[in-house]
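Given next, in structure tokens, is a single chain: the form predicted alone.
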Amino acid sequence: MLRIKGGRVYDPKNGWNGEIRDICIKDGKIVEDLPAAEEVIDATGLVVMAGGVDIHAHIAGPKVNTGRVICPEDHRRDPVPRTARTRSGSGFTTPSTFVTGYRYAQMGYTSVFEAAMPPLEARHVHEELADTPILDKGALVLVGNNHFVLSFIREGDRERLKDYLLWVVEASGAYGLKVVNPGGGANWRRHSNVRGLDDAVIDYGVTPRQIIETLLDVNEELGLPHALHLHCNNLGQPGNLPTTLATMDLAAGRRLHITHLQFHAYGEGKKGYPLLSGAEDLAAVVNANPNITIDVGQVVFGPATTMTADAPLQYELFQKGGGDRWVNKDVELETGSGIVPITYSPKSFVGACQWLIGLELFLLIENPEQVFLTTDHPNAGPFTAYPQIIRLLMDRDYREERIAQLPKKAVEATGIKNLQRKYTLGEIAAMTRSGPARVLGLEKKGHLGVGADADVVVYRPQADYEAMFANPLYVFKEGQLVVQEGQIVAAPRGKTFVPEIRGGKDVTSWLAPQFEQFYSIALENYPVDREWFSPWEVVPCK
């Protein structure tokens, strides 16, 4: 039993905006009060928040492991020695499993979601997630270019589509549905892509518009805890703004989470400007539609390892000189992927624009419960840059100093000079805690109300917000002290979130023959036994 006494608590869900109060913990949960706590921590003058929740990162599975293999220089950037409480590891943009858990916890994060799991490779994903200490986690399963999904959409067989999706979520141990460049991955099998919502998906007679519309409906009908998680078409392409706006229109009141929106926010360039910022137009749509949430995918200057199921994009990035190494892979009937290491430079017009556009989105979207802090780790940079990004949002003078160092044309291509907003501690708590937890459907995360998991972070207030958020004084994971003064003092195993599965008919009779004909694995060997990733927690449907 523990009482954290007299801290300034920032918890948007419960309406606490710097209120002085005690946080009481018993049996890993937040409780109303403790008449006689066994331990008391004096938090007078300190800032108290719930553990951070990262809604979108790439931290586990074959693509991440391949990124580690093709970037040996990355391992020297952050070596971690073995100690009495930690295991050795390495990596900066693609850290090993142990380092991933330690570095997140050292920033005050306690829950992270792997954003792109191929169902065929789910076992590998869960092996690495289980090996990642401290964090609670979940994984989003890739379905936007899946042969069965596209076939059922073409045939208009909504019921069989729902049966299949429920089966694949349960079989892969997934938490929710992820769609990447809908239709583009399927076309990549024919050395093609899609550019607009109404382009044809070869072999299937459907369009990206139909894929998104149908999966938006089905996700709501299944009541999955998380919104449909969408990586739009035309990522990274100058002039992709109209496609992104048209995609947002498809939500039509339904829950939709658009990930790494910065990469989809580019207006058509003009003479001397390869691209222009579309952040203002996109922010206006988000501000007018509370059903839409986004994460930014903020670019961080320095090395990155791009990895995505958007395989045609990665090939194009490599062809345009994005790096000296490239991996491209097809995952049977389900998806593809590509990996290209790159470096974002503040001297580059495009890199500077991407950095600026991300900040614009943060500053223009009014409700911090609709815009979440991500770097699309490791695509736009490592997650360890989150404290630096927080400082950019909270410290306007620091932000303007950094902007003054960038190419003038890049600054002129955006509206950043007109933005004076400074985030508050309460808004940071909403953007990194209560907001993502709400959108993920995690009722026990992101807040410090009675019954919540006792994931608690205590920070020393500092004028340098980067130093403040990079070095919490204490981090508790379900009541257990895991970080003290920046050092890992315990590394418990976290749990895996899975959704409640309601309904769904047995798919074996029609799916087994398909596996026999097309897959490299028998149907009975495909599902991941839940014991593989225990402990787990079932999250109720909506």
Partner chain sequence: MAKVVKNVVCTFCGSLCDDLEIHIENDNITAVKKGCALSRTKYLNAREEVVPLVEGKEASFSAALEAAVEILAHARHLLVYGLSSTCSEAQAAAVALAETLGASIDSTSSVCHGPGTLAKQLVGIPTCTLGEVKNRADVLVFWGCNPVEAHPRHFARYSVLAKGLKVGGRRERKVVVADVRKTATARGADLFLQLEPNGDFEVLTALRALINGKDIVGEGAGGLTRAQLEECSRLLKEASYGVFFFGMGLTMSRGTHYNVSQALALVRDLNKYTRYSVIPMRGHGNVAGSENVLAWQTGYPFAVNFSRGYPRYNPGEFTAVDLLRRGDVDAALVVAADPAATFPGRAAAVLGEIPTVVIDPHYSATAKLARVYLPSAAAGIGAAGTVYRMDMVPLPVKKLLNLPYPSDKEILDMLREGVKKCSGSREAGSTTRKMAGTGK
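Only a predicted model underlies this, so the values are computations on that prediction, with no experimental measurement involved. Positions refer to the first chain, counted from 1.
Another form, the form predicted together with the partner chain, is not on view; read the next lines as being about it.
Asker: Give me the residue from Q319, Q462, T343, N418 that has a heavy atom within 4.5 Å of the partner chain in the model of the complex.
Answerer: Contact check passes for Q319.
Asker: Just to confirm, with a 4.5 Å cut-off on non-hydrogen atoms, which of F152, F362, F92, Y109 contacts the partner chain in the model of the complex?
Answerer: It is F92.
Asker: With a cut-off of 4.5 Å between heavy atoms, is G486 one of the residues that contacts the partner chain in the model of the complex?
Answerer: Looking in the model of the complex, residue contacts with the partner chain include G486, since a heavy atom lies within 4.5 Å.
Asker: Does any part of E401 reach within 4.5 Å of the partner chain in the model of the complex? Heavy atoms only, please.
Answerer: No, E401 is distant from the partner.
Asker: With a cut-off of 4.5 Å between heavy atoms, is R189 one of the residues that contacts the partner chain in the model of the complex?
Answerer: Flag for R189 set to yes.
Asker: In the model of the complex, does L120 have a heavy atom within 4.5 Å of the partner chain?
Answerer: Close contact exists here: in the model of the complex, L120 approaches the partner chain to within 4.5 Å, heavy atoms only.
Asker: Tell me, please, which stretch of 438-446, 326-334, 419-427, 175-183 lies within 4.5 angstroms of the partner chain in the model of the complex when heavy atoms are compared?
Answerer: That would be stretch 326-334.
Asker: Heavy atom within 4.5 Å of the partner chain in the model of the complex: which residues of 273-297 meet that condition, in order?
Answerer: None of them.
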